[in-house]
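Coming up is one lone chain in structure tokens, specifically the form predicted on its own.
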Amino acid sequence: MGMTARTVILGAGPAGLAAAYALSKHRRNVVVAEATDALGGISRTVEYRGYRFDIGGHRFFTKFDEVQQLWHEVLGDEFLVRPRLSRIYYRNRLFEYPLRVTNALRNLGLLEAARCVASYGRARAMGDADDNFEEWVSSRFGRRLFEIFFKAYTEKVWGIPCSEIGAEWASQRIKNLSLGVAIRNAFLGSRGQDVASLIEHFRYPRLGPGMMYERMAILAAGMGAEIRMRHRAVAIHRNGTRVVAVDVETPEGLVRLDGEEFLSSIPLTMLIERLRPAPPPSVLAAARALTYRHLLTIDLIVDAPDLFPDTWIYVHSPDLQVGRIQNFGNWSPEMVPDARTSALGLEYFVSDGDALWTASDAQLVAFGTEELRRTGLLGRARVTDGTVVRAPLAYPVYRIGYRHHLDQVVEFVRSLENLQAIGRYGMFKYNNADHSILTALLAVENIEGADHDLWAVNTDTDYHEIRTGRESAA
């Protein structure tokens, strides 16, 4: 079996589907090969007994006009405007986020608050340090604030000590607006600054983010794109610097997809491993040095409504393994078919071999139920059912030294004249969905003759939640 496709896209996540949709509008012949039976990647929505759960939680806001236009073109009036309320669970208390002075003082107590201010003063007297994430945060906000509001959660996400995480992670994600800035301003005041604030409202598809990508696939298919599910790329053939075809494993056997242009949103390390002939040994070694962290969600149905008003809660208590708790009825009431109940998602960050990653679904539902009860958020309500979703390779790990390895891989990928890497997985970047979609749209423009540097997206821009004059909330 075989076919000729002008553009072959690997992966049907936000980037892959946005590229398919945009290329179809340009009347390009497009084939999308998706390894699983679900659209949207980590941004999909899972349905279980009529309840809908995100893989995490996915807000829709962006600085980029072209992304906002695409979202509204695809979903139109299917967007809801939702208020953001997120808090931090620490020491059996809930801290408002951004922090407010009275709430923070009441929860921490005057003595601990004084220690935080003193620690901040000592840190600022010593000056900035940039050797790793721990030093970057501690030197700018004080050791006490780092230990309370950064250390436990960050180490849950990455599974390694903060001292092993690159400082560039802090500079990219914290930058001018962060939890640390909110804490500093809560205790010390803004000193007349025009303080940036977190996005207070965001848009959200009525039936969850998966609705966006399912609709995008339908629209692209309506213009002629082929969206092929359970088509896993196993070999990517090249002739020198030009990719010529992809072998995909399907339920019916092996299929060869020939093409003129190729877009890859599969994990960058996987792309390198599956190239034929193989890249030089140094490039393969660099790719193998890059690691990802998996995401596991335990999704619970609870027999009571209105458990808490938050859209999500960050769990900073080190004695609990859960990282965030989502309350999907507060994202959209239509995620919960019975208004007398609640749908909660507990997020865990894991690696290969971790006990949670290999546990059975029944064990995980019981474990998540117990952790939720320990927070006190469940009250007297009961968990009546639950399901588990495993999302492998969800987060690229910014371990110290990763940039050296990534640069070698990127240099090689750049040498492939008709292949572009897009999206979070494809570029080994902790992109949000709007950044991933932007890389896809720019890649399409490159196919049409532009010369965009996709690797610059989300490197020289401000952190995505800072309000700026050019930001538009979607």
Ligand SMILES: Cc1cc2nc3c(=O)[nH]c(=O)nc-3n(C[C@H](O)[C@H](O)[C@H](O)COP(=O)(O)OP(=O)(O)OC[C@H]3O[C@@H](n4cnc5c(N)ncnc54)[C@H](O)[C@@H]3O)c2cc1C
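Don't overthink the numbering: it's just position in the shown sequence, from 1. Remember, it's a predicted structure, so these values are computed and weren't measured experimentally.
This protein has a second form, the form predicted in complex with the named molecule, left out of what is shown; the following refers to that one.
- The stretch from 443 to 451, 49 to 57, 408 to 416, 23 to 31 that comes within 4.5 Å of the named molecule in the model of the complex, counting heavy atoms only, is 49 to 57.
- Although the partner is absent here, Glu347 is a contact residue: one of its heavy atoms lies within 4.5 angstroms of the named molecule in the model of the complex.
- By the criterion of a heavy atom within 4.5 Å, Pro267 is counted among the residues contacting the named molecule in the model of the complex.
- Contact annotation: Ala15 falls within 4.5 Å of the named molecule in the model of the complex, judged by heavy atom distances.
- When contacts are judged by a 4.5 Å heavy atom cut-off, Ala233 counts as touching the named molecule in the model of the complex.
- Residues of 321 to 337 placing a heavy atom within 4.5 Å of the named molecule in the model of the complex: Arg324 alone.
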